[in-house]
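Same chain, two forms, each on its own as structure tokens: structure 1, then structure 2.
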Structure 1
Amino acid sequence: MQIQTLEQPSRRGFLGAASGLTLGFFLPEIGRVSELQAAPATSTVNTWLSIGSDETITLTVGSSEMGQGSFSGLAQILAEDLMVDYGKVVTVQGGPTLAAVAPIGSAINTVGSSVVRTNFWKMRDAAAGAREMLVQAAMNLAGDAVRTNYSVSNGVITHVSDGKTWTYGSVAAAAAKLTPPAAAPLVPDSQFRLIGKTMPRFDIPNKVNGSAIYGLDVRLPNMVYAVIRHCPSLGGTLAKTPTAPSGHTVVPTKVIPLTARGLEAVGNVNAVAVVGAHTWDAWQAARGLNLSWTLPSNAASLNTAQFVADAQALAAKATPYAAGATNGPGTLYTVEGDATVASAAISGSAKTVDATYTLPYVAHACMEVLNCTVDYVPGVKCEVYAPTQSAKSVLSLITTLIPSLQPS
């Protein structure tokens, strides 16, 4: 991820270029599933569609592809109403931005498994709008203003009376000069070619043949590698900085602001990074460190049995979640509906079944080891390569830690 800003869209969210048609459109930035109902119709512009005069169709997606198939799903939806072959769409990862209204194609948060379902209608509207702009450009060239005299199939516009055709690429530049339609007809459900169908995912081939680039694959000139040893208990601190192994550097690390680490105190030195020339050397050096930690007084009670007991106690007496309230630690969250309504229904039932399901306290870990690569030149640049679902947060953190560096 490189710190950058992208070109701001026009008032209506559309941009035209001489070489083709570029269409920016609004997709809601959703943080959690519970926010779906309250989400505004438009909040940020984070995706764009570009149709080039060379027939390329590029969809720049602000969300992250995390294995859910989001890029393929959005391309599938787009291709339906754009009336092009699914295989013609190329998806590109957008970069981050701190702009209050994010420029087209910029990266936002990817959470709640919401990328496809929250973007479905906006993606379809944008595709249909772009399609009608391209058709209008062809109509202007033909001199026939009757829309029903034209058909569209696989990115080709046909004037049905004389059979004359125009590809999207041939009219893209002219379409970019037109005013976007306020609304455009969508493909009827009965005519779906792609939506609801099983299609090959874009990300699978590279993952199968080994060519996919993950965070740990990044290699830059003169890189060094760090392996981190964390305190074995939340809230613990490093009692003494250890001696650095020969050929390595030891860097105590601490909790910093903006990382949402709950009640853990900002400034706590809670880990040690060992830096070496190679991953294996750094790993072995970190394993060999003799570390001494100052643990919190409740460290002994931080175990699965105690967590289960605390959870059962809270389930019986905790304050229920309230929309718009602070909802601090110990809040009782309900999966569906209203807790008061549920309690009343249970109380009025002739028979009730009470069951408790528990899981052990385990890490919410990703399959790839958490990592990032930073190329920092003081006063010049800071480039961060990170497998993340919140590129915007990474950018915010970097600019906070290094105020002299701003997105450029």
Structure 2
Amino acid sequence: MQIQTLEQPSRRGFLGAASGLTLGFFLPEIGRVSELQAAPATSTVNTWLSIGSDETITLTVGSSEMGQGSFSGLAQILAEDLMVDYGKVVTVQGGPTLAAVAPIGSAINTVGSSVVRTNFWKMRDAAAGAREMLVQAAMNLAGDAVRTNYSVSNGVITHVSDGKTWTYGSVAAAAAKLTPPAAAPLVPDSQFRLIGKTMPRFDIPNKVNGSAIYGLDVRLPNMVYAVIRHCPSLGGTLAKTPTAPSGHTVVPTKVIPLTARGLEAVGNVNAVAVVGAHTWDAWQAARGLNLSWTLPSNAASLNTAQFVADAQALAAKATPYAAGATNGPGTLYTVEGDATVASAAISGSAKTVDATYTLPYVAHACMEVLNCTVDYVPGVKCEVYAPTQSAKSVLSLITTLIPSLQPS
């Protein structure tokens, strides 16, 4: 595998593939410009573009599509400068494994509405570079060095005067052997076919007939279903492992050690999973369990009313946020600007309005209940199917939980 630095400062590299042209792109790290001169390492590739000899165009990205339209948006951007039909581009999510986190170096996550925003120019540069490599391959076959003799439309390269054509697929393998261009021209804004247009999303058709597979829909041979009964109070522990109802397995579940995430003590058993033949079966069995919990001494005060009262008391005496300071838990965050300016404005106002707003703990509640399906055969495999926007974090979590898991 050989990676070449293509163009500064976008720091992207191209990689030749046997069956066609495959390119890897590199995310520039904002604020680390001095390192842009260094040869890109494979580990920084997060997006792959493959143009197959069979005319397929596959974009493998290191982010997740959750219905926000990122995959369609990236395809739209790519198709513009690659000069292909939007519908020809197949966007897929890289499937990370411990051995090969693919696309390499990528978190496979989606945060902060960043997928299109951070990839726009890289996608365009890479698409334009790929296009020029393909055109160059056709020119080499024709023994012609004059680029202006060629036009491209919908993935077909045409010699403008003699009408001879080459499809991308037919020259992809030859293009893979070429040196990527230093700066391929982008499609001028005035000629945009796709960018700025509203295009149909790829994921919609499967979301109107029930065929889209969500995490909860994964079905594996001989799978069993588990439901969890949690301790009714944060910080509580299971007093005694209950007896499994016949035909069911009761698994005391351990708290996952998460730092600074609440009151749970690491290693405490605070939930019970009940395994059954199907969801309802496990559910009925779990409901029927007579569980006894050891509740924390402050259990009585762990309720919404108390949280709100505590928060208000804290707000009244908390340390205001200070730029550059540690700003630990309990910091009072105020509106942007200088607090003294704000208080001066308030005291100088003819009328002031004093209101307290509180928000309940409902943010980020999704329609699909949290779930995952695991196919674990010790020593053989551990495959995890989960509705997550951060697949690589799931991988790290699993290695924390099952340290014996080694990349295969």
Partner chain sequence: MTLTLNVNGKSSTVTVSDGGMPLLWVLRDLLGLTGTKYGCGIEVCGACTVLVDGQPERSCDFDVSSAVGRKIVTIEGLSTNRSHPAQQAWIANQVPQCGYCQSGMLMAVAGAMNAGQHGANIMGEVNNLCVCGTYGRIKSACAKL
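Numbers follow structure 1, counted from its first residue as 1. So that the term is clear: the rigid core is the largest set of C-alpha atoms that superpose within 1.5 Å between two forms. Only a predicted model underlies this, so the values are computations on that prediction, with no experimental measurement involved.
Looking at both structures, it is structure 2 that matches the form predicted in complex with its partner chain. A displacement of less than 2 angstroms separates the C-alpha positions of residue 188 between structure 1 and structure 2, with the rigid core held in common. Residue 353 is among the residues whose C-alpha shifts by 2 Å or more between structure 1 and structure 2 once the rigid core is aligned. Shown in the overlay between structure 1 and structure 2, fitted on the rigid core, is a CA shift at residue 293 of 2 Å or greater. For residue 306, the CA shift between structure 1 and structure 2 after superposing the rigid core equals 5.3 Å.
Core fit done between structure 1 and structure 2; CA of residue 328 shifted by 2.7 Å.
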